[in-house]
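Let's start with one chain on its own, the form predicted on its own, as structure tokens.
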């Protein structure tokens, strides 16, 4: 395969250009080389922390080894995916959080943007859907467009206690059983190796469900490169070995504790300095419709990892910056006005593409109308790239921090690089902030309150606490 040759890998290298973060471009609004040198030791400590704890399940850092330790699993996934593609008309992921955001992001990135509308002979596989919410209207809409008995459902929950996913499971399993379907024939579980409710359900069916393991040391938001994301990708015909090879390649590029030579460490250092300067909003703006949902995936990765109340020393720090999703060129017409002339509280990260899957020539015409005629003879690729470059330049001229992640093209190898780059950036930033990057106590508190409100056994005390909260005052309801 192409990614096995050194020259091809180097030609597909993802790079980071942070010129427009620096004082050389931004003047007194930019970061100086001195400021970068001042955090050299902190960056070194962050690098050392991540390097020393690679693969540790107890710290939820097993994701760092996913590019290297899954050969047998990947081969099994590819074989299973081949059978799913032959047997089923539809493939549906039942999950939430990273279990949903990862698969839909990779689908959007690497498949035709109107994949489900293509004729089957052009798709070459089942129609694909991800159910990532418990909006009842959404569930009914899914049921209106699939035939459940001709659908493979991938149920993803490590504990099997995720209320949203198990609600979906209960609804779908009831429909299938009423149609006389044996559940293991139409369901694949991605869950814990030996514990949890999906394992209990499997035992009731004599262990007949096909199962994949969500490893202990891999949290949901870091799970796209394990079976959580690899199985749906393989069913879609995506080169999952290429994705993992890309992640391994980026890992090699991040092997030095030097900001000037480690792209993820550079991004982390830039974000850390800008946070200390009061930049509390982080915009991710891909200039590619194929990477639109990368911003959704990244928002969870960044927000859940870095939004923490306390640091390791127990100090209240209320860490983190707010991630914002944006899309170039679309959001030049809805958000960029704010970015250029509004508060100096943002850092914009562009994702740029060197070569699109099609250049799409622009026809000549309307030569008598200069505002239109000048476009003829160019391509849409030229136009979107020019608008990307122009927006970054305009932000720089306005003294607004921005940097660009460059992908030579969008393919499985570069997507694997991009994911691993953003994961490593997040890990380094959390280490520099001295917080637990890999837990999510705020989310857990919300889950417990939901359990209590729905009367789950064992949450009576939480229910009483909620019931004893001050009554809502009518004067504040309009």
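Just so we're clear, the structure is a prediction, and the values are computed from it rather than from any experiment. Numbering follows the first chain given and starts at 1.
What follows is about the form predicted together with a small molecule, which we do not show.
Participant: Considering non-hydrogen atoms and a 4.5 Å limit, does the small molecule approach residue 184 in the model of the complex?
Facilitator: Residue-level check for residue 184: no, no contact with the small molecule.
Participant: Would residue 98 count as a contact of the small molecule in the model of the complex, using a 4.5 angstroms cut-off between non-hydrogen atoms?
Facilitator: Yes.
Participant: Taking the small molecule as it sits in the model of the complex, is residue 159 near enough to touch it, meaning that at least one heavy atom pair lies within 4.5 angstroms?
Facilitator: Residue 159 belongs to the contact set for the small molecule.
Participant: Residue 308 versus the small molecule, in the model of the complex: is there a non-hydrogen atom within 4.5 Å?
Facilitator: It does not: once the small molecule is placed as it appears in the model of the complex, residue 308 has no heavy atom within 4.5 Å of it.
Participant: Mind telling me which stretch in 215-223, 229-237, 245-253, 335-343 gets its heavy atoms within 4.5 Å of the small molecule in the model of the complex?
Facilitator: In the other structure, the partner sits against 215-223.
Participant: Please determine whether each residue of 304, 440 and 447 possesses a non-hydrogen atom within 4.5 angstroms of the small molecule in the model of the complex.
Facilitator: Each of the three qualifies.
Participant: Heavy atom within 4.5 Å of the small molecule in the model of the complex: which of 288, 404, 300, 326?
Facilitator: Filtering the options by heavy-atom distance leaves 300.
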